[in-house]
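In structure tokens, the next block holds one chain alone, the form predicted alone.
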Amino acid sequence: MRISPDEMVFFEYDFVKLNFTIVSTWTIMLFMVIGSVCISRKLVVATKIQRWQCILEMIVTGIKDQIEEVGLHKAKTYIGFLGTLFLFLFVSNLLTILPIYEPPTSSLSTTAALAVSVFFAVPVFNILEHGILNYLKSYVKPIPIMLPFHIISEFSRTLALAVRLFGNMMSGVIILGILITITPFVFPIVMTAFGLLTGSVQSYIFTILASVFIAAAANE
């Protein structure tokens, strides 16, 4: 049993390595881009809309409401980043119903990349909201001696995000793999459904934590 999808290598030359994590990540992103284009190209403003547009509006409205409840009142500014982050994690775990699929989020490289994206999103949104000078001043508040502590907190919460997501996703994959090898088919199906539930919850938690970090920086 593979501990990480990184272990399945399709192509390797010198330091260039094409593994399952990279392939599945880009496949999911391509699927989401094509899907979003197909879904959004025939949107209408009317009293009667199609079911797929109704579902799309429910998803967007739900994400927008969650962002506002966290404390980011200008939800339209953040929904592009946070909504995409949530949908990527959700789709990555939804596809675990496929027998030969392993979510890229069970690789530390993917979870680290997601955490790093949040790491850079926090100052970018803060600068857009308050300006670069006010953002830099926040590192020396309330007193200049707090500067190293603020810097350490930036890196520590990024590391915590990556390790948290990696640990939760990888543990679910490993447990499911063990159960498939030692138990009949019925029980793994139940565990797969449970894994989908926990994966969806982790997608929500990761997105909410990213929203909280951005909101905390914006409020400062």
Partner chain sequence: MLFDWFTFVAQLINFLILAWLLKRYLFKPILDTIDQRESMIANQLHEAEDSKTKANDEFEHYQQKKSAFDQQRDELFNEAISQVNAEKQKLLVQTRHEVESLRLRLQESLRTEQQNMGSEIIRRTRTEVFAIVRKTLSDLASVNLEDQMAGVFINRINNLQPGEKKLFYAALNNSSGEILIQSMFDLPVAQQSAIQQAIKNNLEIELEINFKTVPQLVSGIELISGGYKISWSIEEYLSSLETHIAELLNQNIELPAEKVPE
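This structure is a prediction, so every number in the text was calculated from the model and none was measured. Positions refer to the first chain, counted from 1.
From this point on, the text means the form predicted together with its partner chain, which you will not see here.
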Item checked: Three-residue site 132, 199 and 204 fully in contact with its partner chain in the predicted bound form at 4.5 Å by heavy atom -> no
Next item on the list: Verify the contact flag for residue 79: yes if a non-hydrogen atom of it lies within 4.5 Å of a non-hydrogen atom of its partner chain in the predicted bound form, no if not.
Entry: yes
Next item on the list: May I ask you to check whether residue 109 falls inside a 4.5 Å heavy atom distance of its partner chain in the predicted bound form?
Entry: yes
Notebook entry, point to check: Counting only non-hydrogen atoms and a 4.5 angstroms cut-off, does residue 114 reach its partner chain in the predicted bound form?
Noted result: yes
Next item on the list: Spell out, yes or no, whether the shortest heavy atom distance between residue 155 and its partner chain in the predicted bound form is within 4.5 Å.
Entry: no
Notebook entry, point to check: From first to last in sequence, which residues of 22 to 40 have any non-hydrogen atom within 4.5 angstroms of its partner chain in the predicted bound form?
Noted result: 22, 25, 26, 29, 32, 33, 36, 37, 40
